[in-house]
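What follows is one chain in structure tokens, specifically the form predicted alone.
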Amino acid sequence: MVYLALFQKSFQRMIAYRGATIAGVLTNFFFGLLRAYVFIAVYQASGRAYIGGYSLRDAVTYTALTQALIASINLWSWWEVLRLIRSGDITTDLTKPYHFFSSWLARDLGRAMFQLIFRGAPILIFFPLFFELTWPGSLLHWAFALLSILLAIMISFTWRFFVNLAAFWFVDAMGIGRFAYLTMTFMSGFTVPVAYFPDWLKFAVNLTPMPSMVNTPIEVYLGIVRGTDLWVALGVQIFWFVLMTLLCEFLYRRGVQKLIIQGG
């Protein structure tokens, strides 16, 4: 199947960048330690055992998880489709016998799987040498956490694909993308958990797909959402993936029509 082949090729392509992978692990691990010590200072200064439903141990685990997922979710630097549109090379993709969105999703999943295994897992392995972390208490809990992470990666892809499509309509689409990625960094719960936000901001953020990219999988992993809330959280992730996929498909088709008209 062509999409499985694209997944495999993308995974294998990442293997070639061994030096970048090692450097990425060390960088993410170092900044993870710094962020963890910031949380420790905040909890000690507040004198509180819990902030926003997070214990200090949960907050440190949150730091380890966000640093472990940063490469898989790819928060800041995905411009593949934008470059195709700007260069005009997208016309070549239009002649290929596969679905454009699905083909890029398959490639991104291959990339994300590599990053999860070779950049994410080492951080979770070595972080306990410095701090005590929270771990899922059962295989079922692990399964739900991994499912939520997979959905988060897929939603992140739809968001990045959506942002890249701006190149059909805007000359400075990369500037728009940088602003969108910066917004995603904060609103997704990467910088601090969404539970730390004031109520009005928390309400507004939860009306967007962004918490489903980072905050939701972490809260599923930590067991902060459980029971009915767990099923709701996973359902919300599925909802956003489906909705964003349909939106991306609609805008892509409109963009291609515009591109064909301009090109004669």
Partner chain sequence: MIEPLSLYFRLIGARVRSQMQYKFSFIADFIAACVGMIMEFVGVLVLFTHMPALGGWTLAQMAFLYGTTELAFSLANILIEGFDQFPEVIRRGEFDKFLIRPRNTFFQILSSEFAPRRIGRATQAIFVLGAGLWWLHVSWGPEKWLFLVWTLLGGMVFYAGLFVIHGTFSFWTIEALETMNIFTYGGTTMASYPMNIFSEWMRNIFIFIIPLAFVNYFPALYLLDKPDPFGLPGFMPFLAFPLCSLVLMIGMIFWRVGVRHYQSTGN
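Residue numbers count along the first chain shown, from 1. Just so we're clear, the structure is a prediction, and the values are computed from it rather than from any experiment.
The protein also exists as the form predicted in complex with the partner chain; that form is not presented, and the subsequent description refers to it.
Taking the partner from the other structure, the partner chain in the predicted complex has a heavy atom within 4.5 Å of a heavy atom of R48.
Proximity of V42 to the partner chain in the predicted complex falls within the 4.5 Å heavy atom cutoff. Shown alone here, F179 lies within 4.5 Å of the partner chain in the predicted complex, counting heavy atoms only. None of the heavy atoms of G255 is located within 4.5 Å of the partner chain in the predicted complex. Of the listed positions (V38, V232, A204, I238), a single one reaches within 4.5 angstroms of the partner chain by any non-hydrogen atom in the predicted complex, namely V38. Distance criterion of 4.5 Å from any heavy atom to the partner chain in the predicted complex singles out F186 from the list F186, F101, F162, F118. Contact with the partner chain in the predicted complex, defined as any heavy atom within 4.5 Å, is confined among 138-146, 105-113, 190-198, 88-96 to 190-198. With contact defined as any non-hydrogen atom lying within 4.5 angstroms of the partner chain in the predicted complex, the contacting residues in 24-44 are G24, L26, T27, F30, F31, L33, L34, Y37, V38, F39, A41, V42, given in sequence order.
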